[in-house]
Structures are given as C-alpha cells and as structure tokens.
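Here you get one chain, nothing else, as structure tokens; it is the form predicted on its own.
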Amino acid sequence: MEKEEKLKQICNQFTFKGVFKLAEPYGDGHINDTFKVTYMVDEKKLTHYILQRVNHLVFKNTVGLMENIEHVTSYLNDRITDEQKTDEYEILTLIKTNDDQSYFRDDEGNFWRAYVFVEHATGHTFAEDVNMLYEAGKAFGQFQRLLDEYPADSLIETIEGFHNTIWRLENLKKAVHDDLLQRAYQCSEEIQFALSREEMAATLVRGLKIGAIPLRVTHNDTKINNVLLDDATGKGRCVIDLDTVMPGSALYDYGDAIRSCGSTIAEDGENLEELKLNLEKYEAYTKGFLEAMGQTLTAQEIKWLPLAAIIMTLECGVRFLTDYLEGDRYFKIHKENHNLIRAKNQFKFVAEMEKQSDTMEEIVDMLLEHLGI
C-alpha cells in the first residue's frame, strides 16, 4: 500500500482526468519503471495512462531527453495526416504536469513522465508472422517520414556516439590491447572478423559526415516490440519508446530492425549452423518501410539499405565483444561467456548477409519497382 500511495502522489502531479483507482507494473522493459494507471472518469468510464520513472543513471541528461520527446511528439501530432489517422496510426502523446512541464522530479531526484495509454494495441516481443514485420516496417517508416523536415541537429544525443561505428571499433581495439581479464586469446577469430571489416563499418558515419546521406531524426531502437500493433486488425498503431530519438541516419533504424528481426535464431542462439538470413522476413519489413518512407529516401540511402543491415549487425557484435573483453559491464549476462556467444552469433549473421547481399539488393529493387519509386 505504501508504494501505491507514493505512485498516487506522483500521479497527482499530472493532469490526469478523473479519480485515481489503480497503478500497476506494466510491460517488460529493462531500463525504466513503467506503470499502467487507471482513473475513473465517471461511474461508467475508466481511462488509462502510462506512468514512467526514467532511469537517469542510464540517461544522464534526462532534461534534454525529455525536451527531445516533447518537441518531437508535438511536431508529429501537428504533422500527422487525416489519412494516417483514418488508418488508425497515432502518435505517442505526453501528459503535462500541473505546472505545464513534460516531466515531474520528485524529492529523491527521480524523473517521472506520463503518456496517453494506447488502448487495444500490443507490443510483441517476437513476430508470429511476416505481416507483423511488414506493419512494423511501415510504422517506423511513417515515423521517419513525418519527421523528414524536422531539424535533426536541434536534438541532443541522449546516448553520445550510440551508432558511431568508428568509435565502437576503437573501443574494441582498446579492450583488446588492455585485455584486463585475459580473455582476448579466447576470441581471436572474432576480433579479427570485426577488425577486418573496419573500413566497411565506417561507411554510414562517414556518409553522414560528408553529406552523402542526410542527417535525420532517428528512433535508434527499432525492435518490433517498439511498435504497438492493433489487437483486432494487426496494423501498426503507434511507435513507442522514444528515449533514444536523436540525430542520425535512417539507415541506422532500418539496419538495426533487420538485425533484430531477420535472423532464423535468437541473437544469443548457439547453434550457428541454423543461423541464416530469413529472406521472407527481410522482404516483409523492407516492403513496409519502403511503402511508407521510400519516396523520402535519397538514392544513396536506398543503395545502402542492404549494407546498413550488415553494418548495424556488425556494430552490435562489436559491442558484445567489447563488453566481454571488459568484463561484462554493460549488457546483462545470464550464462557463462554470454556476451561472447552473442558476438559470435552476430558475426555469423553478418557473414550470412554478406553471402546474400546480391539477393538483398534484388529484393529492394523489386520492391521499388512494385511501388513505383
């Protein structure tokens, strides 16, 4: 009861409508604490909100993060078209505090925020069928298309250097050189695999630097569970988890989505003989993304779509490998050598996509022709 009373007091700081009834843990996120809050509007009507405690140990510039979210969601709500609304696509909407702020900071220094609860829609950890991936690709594509004209450089980096693959590989080199736990001998093949692709890995970062591809507002966590799918129709309803919205490349988001959904096994699966690129999944996500975003992408961005999937998967593997060498300080591990297992998995997926790169390009070309782009 003490915890619920505290949550009730936090809720009282926001402009929720009605009388507080209940606050209960919601979802399976690993960073923020999330609650579904129920209010009674009248005797016959209940309404729900999402209340979150933002982890300010992970997101150190929490004020800047909330400014990003406030500005982007406001812009999106102004830009969303009647056609998209008719199609039931919607934007995550912040609930302001009583003094018209986007967050409340309690006496213990914790940051709290609230959103309108998206009713009758669910975030799925795994894609049960390829249509889910098509809808996720379409939803993320719509998200970026609506933000096409937003001044990306006005946003802060909520995690500095998050997709800077040049910096990520420099970190790996340092971890190998220091070898604090004498683990480098166990993963010499993986180290060589990553470092031999250093030039390729820098393509997107350098492309942004020289203007070969445009700087855009990017989501930076495009897993399928960050799109709420309508419970009845299966359509992509709303893109959520905006903590990592910041400047970047559309190719970061596309590539990371393929990394997370395109493999035939889980990212820590150990039976690497079974790990392949699922071309049906690849095509489904790409179709949705291009259908929503294709007219907005530049020719160079389109050309680099398959490459982006390879680079983002390599980057993730480099991060796992670096963390393994440094003593598993960042990613949570649940078994011995877990981060090394993850790195091996990601590098095998890179190798599989390299083998299939021509086919990946053919799928993109086929979809572009079909869509008339």
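These numbers come from a predicted model, not from an experiment. Counting begins at 1, following the sequence as shown. So that the term is clear: the rigid core is the largest set of C-alpha atoms that superpose within 1.5 Å between two forms.
Omitted here: the form predicted in complex with a small molecule. The next part is about that form.
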Counting only heavy atoms and a 4.5 Å cutoff, which of 146 to 154, 259 to 267, 279 to 287, 187 to 195 contacts the small molecule in the predicted bound form? 259 to 267
Test of understanding: in the predicted bound form, would I31 fall inside 4.5 Å of the small molecule by heavy atoms? yes
Is the gap between F320 and the small molecule in the predicted bound form 4.5 Å or less for some heavy atom pair? yes
Would you classify E291 as touching the small molecule in the predicted bound form, given a 4.5 Å non-hydrogen atom cut-off? no
Wondering, does A212 line up within 4.5 Å of the small molecule in the predicted bound form on heavy atoms? no
Site check L76, F140 and R237: each within 4.5 Å of the small molecule in the predicted bound form by heavy atom: no
Quick one: from N226, S102, T296, Q84, grab the residue that has a heavy atom within 4.5 Å of the small molecule in the predicted bound form. N226
Residue (of C316, I310, V37, L305) lying close to the small molecule in the predicted bound form, criterion heavy atoms within 4.5 Å: C316
Verify the C-alpha shift of H124 between this form and the one not shown: is it 2 Å or more after superposing the core? yes
If I superpose the two forms on their rigid core, does the C-alpha of L325 end up displaced by 2 Å or more between this form and the one not shown? no
Once the core is aligned, please say if the CA of R168 is shifted by at least 2 angstroms between this form and the one not shown. no
